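Just the one chain here, the form predicted alone, laid out as structure tokens.
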Amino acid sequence: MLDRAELLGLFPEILLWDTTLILLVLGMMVARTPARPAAPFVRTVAWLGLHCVLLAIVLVGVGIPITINSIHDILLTDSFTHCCDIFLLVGTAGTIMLIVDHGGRDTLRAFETIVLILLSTSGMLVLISASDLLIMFIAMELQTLCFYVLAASKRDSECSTEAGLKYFLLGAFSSGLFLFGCSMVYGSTGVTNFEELGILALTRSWGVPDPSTGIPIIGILCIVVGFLFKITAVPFHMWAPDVYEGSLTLVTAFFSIAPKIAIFANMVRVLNHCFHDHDWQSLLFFASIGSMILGTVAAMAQQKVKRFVVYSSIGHVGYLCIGFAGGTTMEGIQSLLIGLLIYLFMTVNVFGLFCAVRPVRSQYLGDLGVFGKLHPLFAITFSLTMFSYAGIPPLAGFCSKFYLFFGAIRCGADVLAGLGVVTSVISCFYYLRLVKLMYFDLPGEYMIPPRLDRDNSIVLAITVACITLMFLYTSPLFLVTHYMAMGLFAESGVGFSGSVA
């Protein structure tokens, strides 16, 4: 039986599950009346889903900010969980707000898209609070199965079908490898709880007759490889360009935001609670280097909007992995959380802009020509976002990279920090190239000015304000991330040294 405190901690997940079931039943009932137009119904479902997510944010915000072991120590709700849940729900709300306006005029017609987004979000909430290997795998598969269907949701498109099939085949392989790693760790230790695994790691009592066999290390590396696949880190990124390009623009936005928040949060918890010996650190070190280099070099050669965004995202994943450079230290984790929050704002903003020009024509980067004259406000907003992506001060992107590099230097990873600076300078070329396209180049054909809808304008206004004005008062950001990191380290019992604030 669950007591009152445990039940309150699970209220957001229960709300999303109940709303998903209600919307699914509602959609089945409405589907029996073919005379009803599809687009207004999709917008209605999107509004209901948006209100559900906003209510979940309120429930998380007023939740009990203390450490609670829920349901026989398989779920944890602490300050780190609460804040990461809010990050995830804010990203989901931003995506759904874009669906509200564009669901009726884009190729999005199925209400199941909203249902799948809510269902996958509930799985990611469980993933963030998971404190057991088995629950972690089940939650990860819940969100992944929804992603397979979302990738192929454009049923009349060969590219979308291909994207869903590629994602399913490669995702099944990574899930099998991840499960194999969990089974190796369980077979070597006999436990799946994070706290118990952390005690065994600290005492080096892995439960095997001969510690030199390396069975736990193999399991740990398989788990980390599974994580790297989910966040599209090099060399496990090969599925991302085709899947992101073949999916709907709004689905691509959701893929670029929500899973990375959940996976990075779960990575921090797993690597901080379970595996303190840093056997995984070298793998993340090289994944960070490869992601920064490949993301920077490949993005320069892209002509299509979605593929450009994909490789830019891969490069930012490399920057975020710098937070693990010194293991699970206070500086590294706090800088990772700062970078993750700023990445959320920038990505929601850029996809909001692309959705605004989607009805016009925005498949290629060259289609952005003369937008500086057709829609000056659009061009200014897009330019500020590109400047932030490039890390130009005093925008939020600069703060993100500065604290990530600063945390790496504090941890002794000078190579990562130096390479990050070099790749950031190189990335300025293709980010500023987009600004040049808008103001100085001509499109290949006549273009209609984009129309910024009400909800899209709200999303863009909030995100661009966070991107441009964050430097004026950064104390709340540092306090929130420091509070999250303190709660994480207090729960794990691992020592730490200061913060980046």
Partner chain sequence: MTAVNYLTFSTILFLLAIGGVLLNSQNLFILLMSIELMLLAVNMNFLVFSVLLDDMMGQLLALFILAVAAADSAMGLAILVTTYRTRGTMAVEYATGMKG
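Quick caveat: nothing in here was measured; it's all calculated off a predicted structure. Numbering follows the first chain given and starts at 1.
As for the form predicted together with its partner chain, it is not shown, yet the points below apply to it.
Though its partner chain is absent from this view, in the model of the complex it lies within 4.5 Å of a heavy atom of just one residue from Phe173, Phe286, Phe429, Phe406, which is Phe173. Think of it this way: in the model of the complex, its partner chain has a heavy atom of just one of Asp78, Asp132, Asp85, Glu331 within 4.5 Å, and the residue is Asp132.
For the three marked residues, Phe137, Ser183 and Asp242, a heavy atom of each sits within 4.5 Å of its partner chain in the model of the complex. Comment: 145 to 153 is the region of 145 to 153, 374 to 382, 248 to 256, 339 to 347 lying near its partner chain in the model of the complex, near meaning a non-hydrogen atom within 4.5 Å.
In the model of the complex, its partner chain stays beyond 4.5 Å of every heavy atom belonging to Gly418. Among residues of the shown chain, Leu365 is not one whose heavy atoms approach its partner chain to within 4.5 Å in the model of the complex. Proximity of Val297 to its partner chain in the model of the complex: non-hydrogen atoms within 4.5 Å are absent; the residue sits far from the partner. Shown alone here, Val422 lies farther than 4.5 Å from its partner chain in the model of the complex, counting heavy atoms only.
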